[in-house]
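The chain that follows stands alone, in the form predicted on its own, written as structure tokens.
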């Protein structure tokens, strides 16, 4: 039996799942690139990034060396572990649907 309580509610929200998927599969992303890829507003994206950051899943880095400040985000080791656990539960669901 699948333990649905193992689905991490912080990651489970669609926008946060999208962010975690991009950061987990492609590494560090700049805020503007995430915004363009996900089609999210500044406010919506920053809210979800803060939620993931508060959970310790995403780390923010700032680079002020250029003409414009650049903020990037990357998954932390705790975020990688949490995302893998989340995907493991999804895989168990898929296997339950296709037992053969």
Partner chain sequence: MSTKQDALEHLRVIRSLMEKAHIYRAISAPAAGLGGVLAIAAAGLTGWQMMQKGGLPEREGDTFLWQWLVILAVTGVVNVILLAREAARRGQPLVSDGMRMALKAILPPLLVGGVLGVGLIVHLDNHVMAVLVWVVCYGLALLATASFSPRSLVRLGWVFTLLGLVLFWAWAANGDIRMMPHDEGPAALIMGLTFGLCHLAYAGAVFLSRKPEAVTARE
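This structure is a prediction, so every number in the text was calculated from the model and none was measured. Residue numbers count along the first chain shown, from 1.
Although not depicted, the form predicted in complex with its partner chain is the subject of the following passage.
Going by a heavy atom distance of 4.5 Å, is residue 50 a contact of its partner chain in the predicted complex? Residue 50: no contact with its partner chain in the predicted complex.
Check whether residue 26 has any heavy atom within 4.5 Å of a heavy atom of its partner chain in the predicted complex, and answer yes or no. Contact with its partner chain, yes.
Interface membership of residue 46, its partner chain in the predicted complex, 4.5 Å heavy atom rule: Residue 46: no contact with its partner chain in the predicted complex.
Heavy atom of residue 78 within 4.5 Å of its partner chain in the predicted complex: Judged by the heavy-atom cut-off of 4.5 Å, residue 78 is well away from its partner chain in the predicted complex.
Just give me the residues of 8-41, first to last, that have a heavy atom within 4.5 Å of its partner chain in the predicted complex. Read in sequence order, the residues that approach its partner chain (within 4.5 Å, in the predicted complex) are 12, 14, 17, 18, 21, 22, 24, 25, 26, 27, 28, 29, 33, 37, 38.
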